[in-house]
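One chain comes next, on its own, written out as structure tokens in the form predicted alone.
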């Protein structure tokens, strides 16, 4: 099957070749047994196995949405109760658990820290297609980390759909390293007055990996705020498409939106395409966007190599330094250490 996924909110010239991504000859699994290799750690949260069947504002397309709605082999609804919640979901792929279709809903009533990790213990082709819905109620603070450490033979499709109510503060940290294809669609419906969303992500592409990233924020409430910061590196023949859209809707006076994306090119054959967009139907708002790509800074490289490091070791240090501020946002120390090890291993 050939599928087109990850549509931009507004169609652009075909010359950009970024409106969507086409994936050829993909076998979408159906009628799966329950995914067994999932560790769930929760602190005073209610966990159910029934989620709301709400329509997605965007997402990765009808085929993948219906796949989740009809074929999910991991369904969780998590509602926080009490204060200072710690929630951790770890999915481990192996030969007995190669396909994960998950449907997760978070209802956040109290300040929470959430970590979701996908990792491979096999080099076989794995398939992940998931929807994460998050509703941040009034006045809550949420830190959520999503880490993709799948092998480079796999398919990874992430759909993230958020609703931010009044005075909520939602911070996302996304680490995207794995997957032959890794396709991410992130949507934030910032509807409540004074709601804030901070999204920081890093990606690393090697070999012939393809990253397709589509971040969309709609600001609707007064004095709302979105900050998107994406840092990436591409090696070998890896390719990345970044699409970032901030949409100021009628009624969002005093709203602010910033997006920045930078890609470090570690090979002349690596390819980076970026499309930042600002849309606006309201006055008295502030929006900024920037995107850039470039080679490793020669002065930094020379300085580090003059201290006895090889060129490859120096590049690793430069990549780690650029990623470090975002990695430090993750609360789990073991996961942070693993991310740094993955950078070293993937850049060997």
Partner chain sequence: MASKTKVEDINRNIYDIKDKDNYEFKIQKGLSREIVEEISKKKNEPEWMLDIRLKALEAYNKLELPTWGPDLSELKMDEIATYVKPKTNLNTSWDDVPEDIKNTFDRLGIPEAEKKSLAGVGAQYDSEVVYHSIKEDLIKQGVIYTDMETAVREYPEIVKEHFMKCVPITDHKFVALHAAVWSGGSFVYVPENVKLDIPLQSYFRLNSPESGQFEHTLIIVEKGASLHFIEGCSAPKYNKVNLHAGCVELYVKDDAYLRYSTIENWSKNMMNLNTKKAIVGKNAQIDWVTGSFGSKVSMLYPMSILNGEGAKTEYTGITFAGAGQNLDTGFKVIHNAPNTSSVVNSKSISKDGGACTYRALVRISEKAKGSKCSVSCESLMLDDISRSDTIPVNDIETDEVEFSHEAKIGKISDKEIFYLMSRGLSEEDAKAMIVRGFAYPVSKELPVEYAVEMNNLINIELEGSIG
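Here the structure is a predicted model, which means the values were calculated and not measured. Numbering follows the first chain given and starts at 1.
The same protein also exists as the form predicted together with its partner chain; that form is not shown, yet it is the one meant from here on.
Contact with its partner chain in the predicted bound form, judged as any non-hydrogen atom within 4.5 angstroms, is confined among 169 to 177, 272 to 280, 135 to 143, 96 to 104 to 272 to 280.
When its partner chain is considered in the predicted bound form, residue 293 lines it closely, a heavy atom lying within 4.5 Å. Among heavy atoms of residue 287, some come within 4.5 Å of its partner chain in the predicted bound form. Proximity of residue 12 to its partner chain in the predicted bound form falls within the 4.5 Å heavy atom cutoff. Although the partner is absent from this view, residue 268 contacts its partner chain in the predicted bound form, with a non-hydrogen atom inside 4.5 angstroms. Listed residues 248, 203, 157, 215 were compared with its partner chain in the predicted bound form; 248 is the one with a heavy atom within 4.5 Å.
Of the listed positions (335, 18, 23, 327), a single one reaches within 4.5 angstroms of its partner chain by any non-hydrogen atom in the predicted bound form, namely 18.
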